[in-house]
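This text opens with one protein chain seen in two forms, each one given by itself as structure tokens under the names structure 1 and structure 2.
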Structure 1
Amino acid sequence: MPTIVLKNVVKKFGKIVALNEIDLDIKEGEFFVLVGPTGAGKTTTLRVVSGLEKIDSGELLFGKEDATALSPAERDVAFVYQSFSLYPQMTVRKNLEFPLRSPMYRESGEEINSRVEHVADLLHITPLLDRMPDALSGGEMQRVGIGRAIVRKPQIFLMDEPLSDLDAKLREELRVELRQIQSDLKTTTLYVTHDQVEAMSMGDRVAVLNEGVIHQIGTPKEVYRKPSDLFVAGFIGNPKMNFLSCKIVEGASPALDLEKGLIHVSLSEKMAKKVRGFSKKEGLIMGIRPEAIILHREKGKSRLEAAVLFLEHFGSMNIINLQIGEKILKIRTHPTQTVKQKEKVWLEFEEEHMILFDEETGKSLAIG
């Protein structure tokens, strides 16, 4: 299994720059996820790797070999698509056999049979083998679609939102199965999704893209805890990270002034030290995850007053929506925590989870 390396890859469609100097280094056997909103360039990246699109400049290496001139078939990649999956005129079995019968692979009949049965077994689709695709449910179709990719034992799996057309429950189930299969086969996998939960849950590493630019590459935990900029911070996490405008008030003990003087949050000595090092003191944004805000029933120093807008019960947790000036703040609490509508509460921000961003550039300055 090769590594996949993209260096400075640029891809344009007419005047639109779909990929703007993309650098990626995907390791052998890695499950690598590209995540981002619609139009981020994630699918284009996938298609560039597959050879279905040619790059305009930059390098694409498989291992040490230059892959730019290779055809899709020569690259030995298998593609799993979002909605297309199967050839409608062929049975499930014929669909699975199709790659093995291609002029490039042309396996013996026996080999084809044993491989198809093996894959069918792996994906629990053995009873479906003789059905036509139109007699399958969405989940079954996508299983067969994945089977078609696996059956050929390719060097690389390329998956373009394979779960996004499925019901939420099925998605949850299949994402674990897919991850399991990949870790058994140890095939290098490039997986595209717009669903950040899917990205976090499946990826060994995650690249967050937006408008053709990679914003951050890291493990799911890194991307969640230490977002490199405002975009990543806002995109990863559900509910979203809360953002408050912020400036650093200097003095004997530095503090954070939030929402133009709404509250002064004093900092511990450790944080104060870090903050002193920042070159920029104004025009900042403080980001904090909903689970890093503590709800109090009493006033207190550095606690921000807020009014309860409404409460969302999710069973394993509650999300409390709070009104602060024009903004809505979300905090995540234990399911037993309840509040009444319009009730006044006071919020404490856990300073080790605060992240400061430069409002202009969006880049993280980081504290906590």
Structure 2
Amino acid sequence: MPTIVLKNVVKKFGKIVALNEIDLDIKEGEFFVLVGPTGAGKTTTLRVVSGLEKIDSGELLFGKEDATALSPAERDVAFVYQSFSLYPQMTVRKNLEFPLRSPMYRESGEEINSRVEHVADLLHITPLLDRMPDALSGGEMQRVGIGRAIVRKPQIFLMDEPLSDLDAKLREELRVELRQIQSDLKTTTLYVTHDQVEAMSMGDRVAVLNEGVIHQIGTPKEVYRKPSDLFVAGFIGNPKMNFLSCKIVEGASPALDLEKGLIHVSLSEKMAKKVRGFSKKEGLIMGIRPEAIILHREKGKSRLEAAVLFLEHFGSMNIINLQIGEKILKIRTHPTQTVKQKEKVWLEFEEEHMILFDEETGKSLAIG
């Protein structure tokens, strides 16, 4: 299976720049996820790779082959769409057979039957082969759509939010199945989603895209733990990272002055050394994940007093909304840790998980 390489790719629609000099290097057999909000350029990237859209400038390579001028048919890619695009007049079996009966493949009847049976078994749809599409559930239809892509044995899978129209339970099941199938087939896959849970749970690597610009590429852990800028930090994570305006206070006991004196956080000598180089810099933002703020019932050194606003139950975790002055912070706790509205609590920031950002550029400042 080939690598997919995009070099300085630009795609415009009139005056709108949909892709702004993007670079991607997707490894052979990799499950690569492109994640971002609506209008980020995700689907345009897929259409460029498939050949459905021609790029305005840049290069597109499949392995070492220049694919920029190849037609969609010559690229040997399979596109799985968000909608359940089955032929309504054909049974499930005939829908799966259809790509193999095109003049391009000319497979024998025995080979077609063998491939269809294999794919049906892989996707657990063998009992559905003689049904018509209108007798299928949404999840069953999407399984057939995915099967129609797999049966061709393409060199590249392109998937455009294929699970977004399904209910939450079915999405979770198909995420696991789809990832396992791709792992078994080892087909290079570019998967697009706006759902960060899908991105973080499925991707070998993730690219975060917004307004046609790639902000960061890395493993899910890297993107979550070490966001490159404020956009990535705010987009990845549920709930999102807490942000506070910040100033570094020098002196015998180095500290962070947050929200113009509203919050004062003392620093260890180790952390003080890391941030000292930015002490004269104006316009800093400190970010900290909700799970990196520890809730205490009692006062203590370097603990900050806060009032409970309300608690959100999510089964496997609680999200507690807290108020310090006019600032609202969110923390994530174990589901057994409960609080009452208006209760007074104290917070401790895990300083090794605090990240500084330049407010003007939005870029993360390396303090690790």
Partner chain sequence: MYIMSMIRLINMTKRFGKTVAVKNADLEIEKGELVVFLGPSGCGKTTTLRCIAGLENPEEGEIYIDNEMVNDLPTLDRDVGFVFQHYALFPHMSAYQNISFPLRAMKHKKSDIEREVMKVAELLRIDKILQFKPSHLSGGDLQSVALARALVIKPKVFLLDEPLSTLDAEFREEARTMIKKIHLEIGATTIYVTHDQMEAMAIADRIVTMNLGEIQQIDAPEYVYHNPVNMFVANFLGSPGMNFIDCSLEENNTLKLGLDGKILQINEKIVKKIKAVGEDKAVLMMGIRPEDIKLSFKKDVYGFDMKVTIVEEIGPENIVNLRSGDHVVKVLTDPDILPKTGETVWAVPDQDKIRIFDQQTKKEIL
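C-alpha atoms forming the largest set that superposes within 1.5 Å between two forms make up the rigid core. Structure 1's sequence is the ruler for residue numbers, which start at 1. Computed from a predicted structure; not experimentally measured.
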Query raised in the report: Where is the form predicted together with its partner chain shown, in structure 1 or in structure 2?
Result: 1
Report task. Using a rigid core alignment, state whether the CA of residue 121 is displaced by 2 Å or more between the two structures. Result -> no
Query raised in the report: Relative to the superposed rigid core, does the CA atom of residue 167 travel 2 Å or more between the two structures?
Result: no
Report task. Spell out whether the Cα of residue 340 moves at least 2 Å between the two structures when the two forms are superposed on their rigid core. Result -> no
Query raised in the report: Once the two forms are fitted on their rigid core, how many angstrom does the CA of residue 280 move between the two structures?
Result: 5.5
Query raised in the report: By how many angstrom is the Cα of residue 299 displaced between the two structures when the rigid core is overlaid?
Result: 2.7
